[in-house]
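Heads up, the chain below is alone and in the form predicted alone; it's given as C-alpha cells.
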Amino acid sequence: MSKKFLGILLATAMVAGTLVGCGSTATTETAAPAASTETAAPAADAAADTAAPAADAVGAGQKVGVAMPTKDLQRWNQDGANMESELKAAGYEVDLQYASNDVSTQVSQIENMINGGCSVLVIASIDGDSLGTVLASAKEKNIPVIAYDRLIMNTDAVSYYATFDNYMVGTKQGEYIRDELDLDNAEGPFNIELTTGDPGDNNAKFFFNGAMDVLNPYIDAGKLVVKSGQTDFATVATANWASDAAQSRAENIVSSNYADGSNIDAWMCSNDSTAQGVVAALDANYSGEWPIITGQDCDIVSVKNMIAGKQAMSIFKDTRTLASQVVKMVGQILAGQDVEVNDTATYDNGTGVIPSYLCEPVFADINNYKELLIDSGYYTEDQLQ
C-alpha cells in the first residue's frame, strides 16, 4: 500500500471519528463466505472507525453499484454523494444511480449493475417488496447485497442491512411530544394528529410503531385525543413520503375537525417531507395555536421551519456516519474479512433475519441544532438563512 493511499484512509478515519456515533452493541457469530458473512466485530468505538478498510489487492479497483431511490429528497442526494466520495477515496469504481422513485427504473438500473461487473450492490429500495427477481440474478452471480437504510423484503439475496435504529427514531419522536406536552403531569386532554410514511417502505412501520408505543397509553387514557379518528398505519401512511400528499390529507383533517378554531396540540410526522406538507396545510387553513410538529432527516427546509417555530424537532441521522459504515462493510466483504454488524435479531425480511448495523439517531430542535448541524460541518450558517 502506498503512503499516499494510507494517508487518504487515515484522514477518512479521522473525519468519521468526528461524526455522530453509531450504535455500540455488537454480536459476534461464526464467519461465513464473503457473500453471506454474518460476523460482528466489537463496536464500542465504531463511530471513530467507520472509514473503509484498506482496499488491498482483493478489493482495489473493483466496481460497487449504489442504487438510490430519488433525487427529489435532499437526504438521498447527500447519502449518494457521501458514499460515492468515500468509495472512490478507498479505491473503488462507483456506479451511482438514482431512480426518480420509479420501481421499474430502479430494477433496470440494478440489472445493469449486475451485468456491468459490480462486485457489491448497495441498494436503498423504493419498494422493499419489488426487487426479488432482479436480486435473484445477483445471488446467482455471487454478488453480495447491502440494503441501505431501507430493508429489502422477501428475498434471500440480501447479505446485510445498514441503517439507523428505526424503532428508536419513532420512540424519540413520541418521547419528544410526551415531554413537551408534559403528559405525565398536565391535565389535558390534548389534540394530536398523525402522519407517517410510505406503506411500501419497511422503515415507516418501525418509525410509526416506535412513536405509537410511547403515545398509545395516553390515547387510551384519553389524555391525547385524535379528533380525526385516524390512528391506524394504513390510514395515516403517505405514498412516496410526498409533501403534497401529506398536505392534502392534513387540509382535509383541519377542515373536517378543527374549523371551529380548536387547537391541534401536536402533529406526529415521521419525517421532514411529510412535516413540510403538514406545515403548508396549517399555514393555509388553521387558525388555532401552533402545534408541536415532529420530523426526521433535518432537511434544510425543515431546519428553517424549526428556526421559524413551525417545526419543533427533527431526528438527525448523520448520513456521513451511515455512508462511512457501509463503505467499511464493502471493504470487509471484498477483502474476505468478517463483516461488522451489531444486530442479528431485529430485522427479518421474510426469509430470515438479516445481519444489520444500526447507527443511533439523535434529535435536533431549536436548542441544539447549531451544535449538531453547524458546528459539526453538516451545514453552514448561510444554508440555513
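This one's a predicted model, so the numbers in the text were calculated from it and none came from an experiment. A residue's number is simply how far along the shown sequence it sits, counting from 1.
There is another form of this protein, the form predicted in complex with beta-D-glucopyranose (BGC), and it is not shown here; the text below is about that form.
Although the partner is absent here, D149 lies within 4.5 Å of beta-D-glucopyranose (BGC) in the predicted bound form, judged by heavy atoms. Using a 4.5 Å cutoff between non-hydrogen atoms, F207 counts as a contact of beta-D-glucopyranose (BGC) in the predicted bound form. With a 4.5 Å cutoff on heavy atoms, R75 counts as touching beta-D-glucopyranose (BGC) in the predicted bound form.
Taking non-hydrogen atoms only, W241 approaches beta-D-glucopyranose (BGC) to within 4.5 angstroms in the predicted bound form. By the 4.5 Å heavy atom rule, the three marked residues N203, N271 and D297 all count as contacting beta-D-glucopyranose (BGC) in the predicted bound form. Of the candidate stretches 173-181, 104-112, 136-144, 289-297, only 289-297 has residues whose heavy atoms lie within 4.5 Å of beta-D-glucopyranose (BGC) in the predicted bound form. Using a 4.5 Å cut-off on any heavy atom, the one residue of 304-326 that reaches beta-D-glucopyranose (BGC) in the predicted bound form is K317.
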